[in-house]
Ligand SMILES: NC(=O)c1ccc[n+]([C@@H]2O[C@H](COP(=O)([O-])OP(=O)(O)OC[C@H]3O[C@@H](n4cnc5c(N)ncnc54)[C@H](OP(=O)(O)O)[C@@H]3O)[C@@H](O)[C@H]2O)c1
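The chain below stands alone and is given as structure tokens, in the form predicted alone.
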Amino acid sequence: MRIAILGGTGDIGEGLALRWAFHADHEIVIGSRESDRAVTKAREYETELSSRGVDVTIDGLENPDATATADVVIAAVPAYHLVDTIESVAESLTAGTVLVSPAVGMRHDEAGMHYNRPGAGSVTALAADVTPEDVPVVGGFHNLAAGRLANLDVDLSMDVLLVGEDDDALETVAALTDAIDGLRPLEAGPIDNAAEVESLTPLLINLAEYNEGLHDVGVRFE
């Protein structure tokens, strides 16, 4: 499977790229607004993986080119760039390609982080509103600790909550989640439930800020 990670130069994008290349046999392409930046990061990821005995080629392309041949597109960009990013690749999205949104809207004040719910109801719903109708959208990977995800020496042992309307798309993203050692996919219902999932992220950040030893806290349901 070919996975395009738009914003693959950022924290979550880096972690997902490294983990899928390390744990699974998928083609990874890093997308960015600037092709040079994408190529540079792709080479960095290849070097890190090579040091661990994994020889793999990771492509680096501008976002539309990265999207054009992908089976799954991860829009790993901040919430305030999400709409612009999806609109910039809309013509490159083909029917049946799955788009995944890990973005969470947050605001910060002196007390900590707070969920910033958009007018669409959730950031995942916002993504679905601007994505072509024949491209299913799944919300997922919202609550992962980026530092822990990108550190291949660390066991993850975290759950990934998935929301979406298309059963086949949910099954695809669940399989991709399960391919990463230590991650367990759990379905949380349709996109109407995305706000509840997304709002866990600022909670986890606040727990990490106020409790020593919880810097890379995630969620696990027992």
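Note that residue numbering follows the sequence shown and begins at 1. Keep in mind that this is a model prediction, so the values were computed, not measured.
Heads up, the form predicted together with this ligand isn't pictured, but that's what we're talking about next.
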Among 26 to 34, 46 to 54, 154 to 162, 179 to 187, the stretch whose residues bring a heavy atom within 4.5 Å of this ligand in the predicted bound form is 26 to 34
Even though this ligand is not shown here, does residue 120 get within 4.5 Å of it in the predicted bound form, heavy atoms only? no
Counting only non-hydrogen atoms and a 4.5 angstroms cut-off, does residue 18 reach this ligand in the predicted bound form? no
If you check in the predicted bound form, is residue 81 within 4.5 Å of this ligand, heavy atoms only? yes
Whether residue 209 contacts this ligand in the predicted bound form should be assessed with a 4.5 Å heavy atom distance threshold; does it? no
Ok, 127, 89, 144, 98: which has a heavy atom sitting within 4.5 Å of this ligand in the predicted bound form? 144
Does anything in 1 to 39 come within 4.5 Å of this ligand in the predicted bound form by heavy atoms, and if so which residues, in order? 7, 9, 10, 11, 12, 13, 32, 33, 37
